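Presented as structure tokens, the chain that follows is alone, the form predicted on its own.
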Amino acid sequence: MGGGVAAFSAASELRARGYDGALTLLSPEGAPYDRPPLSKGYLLGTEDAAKIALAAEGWYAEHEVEVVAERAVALRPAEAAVELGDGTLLRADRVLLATGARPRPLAIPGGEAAYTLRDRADADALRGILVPEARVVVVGAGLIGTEVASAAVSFGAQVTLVDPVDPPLVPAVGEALARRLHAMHAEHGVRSIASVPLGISASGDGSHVVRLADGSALEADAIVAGIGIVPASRLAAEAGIEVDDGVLVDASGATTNPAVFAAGDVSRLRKPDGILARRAEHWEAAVRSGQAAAASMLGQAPPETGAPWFWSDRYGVHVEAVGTLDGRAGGSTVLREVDGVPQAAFLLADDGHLLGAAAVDLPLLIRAARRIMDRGLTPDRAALADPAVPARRLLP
């Protein structure tokens, strides 16, 4: 159940592993499509609906995957079925919940006026308001918020970015890179305010006024909220499956009901010691959790996974990170700089092992860092810091 990359990856993995039984993909929007481009190429208009499709139109027939463009209203594990809105029951021996998440609402007076971005219709609506000279207020300077701000500026909009953290994204890319990336907003004409909105009121001309905690007010033709997501776990909860900020799963995607599995943004890993991990909300994590759930549904071992990785695009630059750059748990940071400008950051454990890396426009460097982490190698600190050392020479 789901129309994103987790559901598609599970279906593809089931067929690749030899499952030849009936396979139904319950996807309200039809054939699954990729979500990351919605705040990047699709929003910019450089990619269309066909470009972001996860498979060619004929793939589903070729692999005997039935796509049902309906929404489930209930899980019926005891009856081995899923109930649709019209009361139809779809029989299933195994169910995968890959229902994703919904945008976190802006919970302030007037917050319903803010646009959000989660699906293709949201991106289409946003594209219609990102016009020259439009006054756009973006609340939230995480990945989605900054990508929307970047797109809005490219359309000629006047953009103000509001976020209480200065700079954002430190745990994801480290402080040095976070400051470089945040400074790019001003370089491209985006005003940044370190505050939070308290309320939104409508003006008589169709615009809005956003009141901030610092006492200021912003006039806006459009407001966009990018303040995170809430897992769509209602179906699981109502079916008696354990949830806690997501559907709780083990490493194989199994939930507390043996017939139901979960993957992607809706799922949350419970480690063997009972500790609940943070939900992984990135594209690759969704792919891998879908593959793991597929293997588990067949009683097979899931594929091995490496260090977590994500990417983002803004203002024409490409950012990638692998592992963690959150130094609050210890370790030391190594920077790779050119003329005093940080190009990459590495977090090393006290024993010298690499915990994480992030870089701007250096994908080969991140690929090398990931191999180092996956192999448990200890890199040379001086080589990490030296911009003259190519990525291939970082591997011990």
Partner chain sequence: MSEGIDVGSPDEIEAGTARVVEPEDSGFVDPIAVFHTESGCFFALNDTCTHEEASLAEGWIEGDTVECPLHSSSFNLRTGKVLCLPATEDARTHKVAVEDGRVVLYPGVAADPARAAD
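Numbering follows the first chain given and starts at 1. Bear in mind that the values here come from a model prediction, so they are computed numbers and not experimental data.
If you look for the form predicted together with the partner chain, you will not find it shown, but the lines that follow are about it.
In the predicted bound form, at least one heavy atom of P363 sits within 4.5 Å of the partner chain.
Although the partner is absent here, D313 is a contact residue: one of its heavy atoms lies within 4.5 angstroms of the partner chain in the predicted bound form. Although the partner is absent from this view, M1 stays clear of the partner chain in the predicted bound form, with no non-hydrogen atom inside 4.5 angstroms. Using a 4.5 angstroms limit between non-hydrogen atoms, H318 touches the partner chain in the predicted bound form. For a residue to qualify, one of its non-hydrogen atoms must sit within 4.5 Å of the partner chain in the predicted bound form; none of A16, R268 and T324 qualifies. In short, of 23-31, 66-74, 363-371, 329-337 it is 363-371 that has heavy atoms within 4.5 Å of the partner chain in the predicted bound form. Taking a 4.5 Å heavy atom cutoff to the partner chain in the predicted bound form, the contacting residues in 365-396 are R367, A368, R370, R371, R375, A391, R392, R393, L395.
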